[in-house]
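Read the single chain below, which is given as structure tokens and is the form predicted on its own.
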Amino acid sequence: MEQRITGRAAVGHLLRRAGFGVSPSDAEAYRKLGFAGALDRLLDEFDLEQPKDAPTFDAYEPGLIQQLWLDRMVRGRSALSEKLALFWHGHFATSNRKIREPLLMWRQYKMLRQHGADRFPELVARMSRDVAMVRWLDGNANRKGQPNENYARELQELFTLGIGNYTENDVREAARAFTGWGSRRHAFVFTKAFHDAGEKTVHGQKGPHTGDDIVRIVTSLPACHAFLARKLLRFFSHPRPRANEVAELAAVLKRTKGDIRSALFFLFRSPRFLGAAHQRALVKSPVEVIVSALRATGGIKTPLWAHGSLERMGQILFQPPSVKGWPAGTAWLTSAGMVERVRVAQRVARSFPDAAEQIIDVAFDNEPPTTLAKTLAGLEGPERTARALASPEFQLC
């Protein structure tokens, strides 16, 4: 029988996966709740009021939207909402490098944060009308008689079904259904004159389909449930989920009509999530490294140097490299990336020189791996803090 994580280690494991690790000020409260209570609290945070933008907020101030989101990850009231928004940002990858409208990117983030735990078909429908996405995948060029297939293809290949679960005819016919879906003056518009109202056949279903019909069709397919289940498991649980794990989570998605909140509850309560072999089985992305380091040391604001570090490590928020999103796992661990992770540790340690014991407590549940304990033996002050944050073990969650 597979060994399972229990006690405070289980709570710490949950907080690192369902967020970015716990801050020292909140650690004891979560531990008193136990694993089940901590999970309930995290899920209940979906119901908290959404954070409001300041009256002086200006999305066009260079770097501000990245700074605000990072600050919310570091000190916000709902770590799981931010972690889930980060998942969706990589899933529905949209880049301001093409959009060049930070306000539209910020609106997309706010939508993902507010509705990320809703039913998946509803989220896909919202994303299909999102102005940044419309522009990103050339919705304004999709018109009757000259359909643009970009969104119809990526909707099926990257967002709902995966390669091998659709045909070229499904792409062509779905593109026709989305004709007339565009944007004007930062708002979604449907232009009836540009829409092809003729009959289409998509995944064997015939009719005068619209974009909403396509979303309904593709998100109801078994392939969609399995595709999404696999991505959720890889992001929140472990990198190589077994077929039966995917099938079980897919069944939850099917039964709940794609309810993400229910899927996360099932995922985090599953025995495999707490399997000892899956503890520290995921490589932190650059954003996760910086945010978790700040949370572990008690930081409340993202330092300005973090933006340069994230750029050098290859993860700038609102600028994923392509519609496929960012890499994952060991792909982050390039030689240059590892050098920058050490620099991050050193910079954080300069601001929090005596935070090593806090890091050991919240990031390692007060039981650091033997190799790390040996490395830290005899070290003090900022060197001890930096070594803890730069350790191979801290790069994992």
Partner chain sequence: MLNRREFLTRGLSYGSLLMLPRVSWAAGDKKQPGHRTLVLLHLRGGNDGLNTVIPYNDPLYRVLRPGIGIGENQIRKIDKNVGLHPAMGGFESLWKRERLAIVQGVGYPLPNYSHFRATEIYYSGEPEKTPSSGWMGRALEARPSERPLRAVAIEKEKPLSLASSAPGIVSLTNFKQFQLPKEARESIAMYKEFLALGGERAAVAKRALEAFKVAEKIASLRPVRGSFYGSLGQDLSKVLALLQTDLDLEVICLSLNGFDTHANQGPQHNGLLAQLSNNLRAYQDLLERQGLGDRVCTFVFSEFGRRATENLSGGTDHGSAYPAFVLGKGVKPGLYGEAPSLENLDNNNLRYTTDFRRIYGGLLKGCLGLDPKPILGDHAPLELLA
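Residue numbers count along the first chain shown, from 1. Computed from a predicted model, the values in this text were never measured in an experiment.
Below: the form predicted together with its partner chain, not depicted.
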Original post:
Of 252 to 260, 97 to 105, 295 to 303, 185 to 193, which is the one stretch near its partner chain in the predicted bound form, taking non-hydrogen atoms within 4.5 angstroms as near?
Top reply: 97 to 105
Original post:
Is there a non-hydrogen atom of Arg347 within 4.5 angstroms of a non-hydrogen atom of its partner chain in the predicted bound form?
Top reply: no
**OP:** Would you please decide whether Thr334 lies within 4.5 angstroms of its partner chain in the predicted bound form, comparing each non-hydrogen atom pair?
**Re:** yes
Subject >> its partner chain contact at Thr375 in the predicted bound form, heavy atom, 4.5 Å >> reply: yes
Original post:
Is Arg387 close enough to touch its partner chain in the predicted bound form, meaning at least one heavy atom pair within 4.5 Å?
Top reply: yes
Original post:
Considering Glu154, Glu245, Asp170, Asp71, which brings a non-hydrogen atom within 4.5 Å of its partner chain in the predicted bound form?
Top reply: Glu154
**OP:** Scan Met111, Val323, Ala223, Leu317 and let me know which has any heavy atom within 4.5 Å of its partner chain in the predicted bound form.
**Re:** Val323
**OP:** May I ask you to list the residues of 273 to 297 that have any heavy atom within 4.5 angstroms of its partner chain in the predicted bound form, in sequence order?
**Re:** Gln279, Arg280, Val283
